[in-house]
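Next up: a single chain in structure tokens, the form predicted alone.
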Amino acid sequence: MSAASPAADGAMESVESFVARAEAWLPDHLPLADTTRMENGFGSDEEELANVARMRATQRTLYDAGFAGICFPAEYGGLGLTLAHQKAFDEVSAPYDMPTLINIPTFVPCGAVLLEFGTEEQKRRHIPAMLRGEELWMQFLSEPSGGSDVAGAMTTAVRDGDEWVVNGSKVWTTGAWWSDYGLCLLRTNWEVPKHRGLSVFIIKIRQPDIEVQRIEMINGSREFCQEFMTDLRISDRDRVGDVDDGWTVGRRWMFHERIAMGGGSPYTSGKPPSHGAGATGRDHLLELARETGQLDDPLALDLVGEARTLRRAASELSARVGEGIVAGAMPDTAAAIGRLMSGVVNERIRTIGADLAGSSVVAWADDDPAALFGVEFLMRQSGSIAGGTLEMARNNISERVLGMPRERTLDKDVPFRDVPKGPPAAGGETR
């Protein structure tokens, strides 16, 4: 429990009292959000590391003041308050420079997974450190040959006494080069069907047996990384959940990821501002219409209105689904609804930005107000892939929410060793 929280006397603080305390504290301790700052992955390495350091320091400031980990249990450093407290804090803190970079994946899904499946030692060692900004976590989930089929993981952990020896590669890991830990899904049994031979581990990223390489995207961002693990040794104490039962952990892992991407997780805190690299933010579209002389064009205003309507609908849908899941009125798998909506809306809004920018999406001058919209258009489908494809979200909704027949699979009940596979992951043996 943070020392400054009045919940230390055992009584839960009311939402009204909590909000009043936050409103009095925020103006004197956090600067207003800088919407001109470039997002991580777009600036120089020095700028990105400085931004990460600033996020860590701000998170510690929030922790010391009793505003961190609002819905995390008190015994693990949180405040033990409700989703209503968190949502109210999100509103009053929206104008300020909140460390939202830490939300996903450090708090969700990594922190949430530790809460559900971690040992008592793991929870007491890592969750308070996350809430203080001392540990930043990433997801070691996707593999070079796996696509969205994360259950087909071929990066292998072989048991050797009280340790596991890991070989293989993970990819599309955001910010692994400046992070501290990874939650990693590994193949621990090749003799059973693919979903039954997986285990989850905690991996410390900065060590000699892990090589982290950065990936430059088409928009110039270098936020993604690929990790190569060669004879990496992990203690069995860092295993999360039972051996070969990693898919049970993995399903909850992906649930938390989907609900966070939809904006409905109780463990995220603050609203991320629209930064310079996110050119299709609501205000940016209106500014673009104004700066390109289209405010009198009804078609242009229709596009701005459509973007605002979609953004509002996605926000309201995510809130409703999140509240429904927390209340038990909806199954956990309904998180796929918010994830599907966010992906569809993201792609449409980026297309709207390109429509408003016109020919400037193809070529632009340095001072062109539409300069970023072409790059944004090139990345319009990224939100349909990150965190699991929209096709997977649709399958989850049809099969696990609506109860429709399951999609046919050819590898059911087949030992993973005998399932036809592509080439092994680069950087290490997979068997």
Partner chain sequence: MELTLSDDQQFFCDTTRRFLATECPIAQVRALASADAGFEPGYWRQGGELGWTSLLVPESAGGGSVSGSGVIDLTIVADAFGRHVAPGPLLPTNVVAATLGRDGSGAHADVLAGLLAGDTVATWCGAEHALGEGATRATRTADGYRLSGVSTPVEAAAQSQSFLVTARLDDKDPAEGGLGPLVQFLLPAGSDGVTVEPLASLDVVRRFARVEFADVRVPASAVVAGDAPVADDVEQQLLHALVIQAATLVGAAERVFEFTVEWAFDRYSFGRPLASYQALKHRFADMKMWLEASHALTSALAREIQDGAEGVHETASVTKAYVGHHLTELLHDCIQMHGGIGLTTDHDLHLYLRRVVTERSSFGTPADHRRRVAVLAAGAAA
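Numbering follows the first chain given and starts at 1. Treat the numbers as computed from the prediction; the structure is a model and nothing was measured.
The next section is about a form of this same protein that is not shown, the form predicted together with its partner chain.
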Residue contact check: P298 to its partner chain in the predicted bound form, 4.5 Å heavy atom = yes
query = Just to confirm, N51 within 4.5 Å of its partner chain in the predicted bound form by heavy atoms?
reply = no
ask   = Using heavy atoms and a 4.5 Å limit, would one call V158 a contact residue for its partner chain in the predicted bound form?
value = no
query = According to a 4.5 angstroms non-hydrogen atom cut-off, is E407 in contact with its partner chain in the predicted bound form?
reply = yes
query = If you check G305, P193, P73, P95 against its partner chain in the predicted bound form, which one has a heavy atom within 4.5 Å?
reply = G305
query = Which residue, L81, L317, V171, A151, has a heavy atom that falls within 4.5 Å of its partner chain in the predicted bound form?
reply = L317
Among 131-139, 289-297, 238-246, 100-108, the region lying within 4.5 Å of its partner chain in the predicted bound form by heavy atom distance = 289-297
task = Go through 328-358 residue by residue and record those having a heavy atom within 4.5 Å of its partner chain in the predicted bound form; state none if no residue qualifies.
result = A329, M330, I337, L340, M341, V344
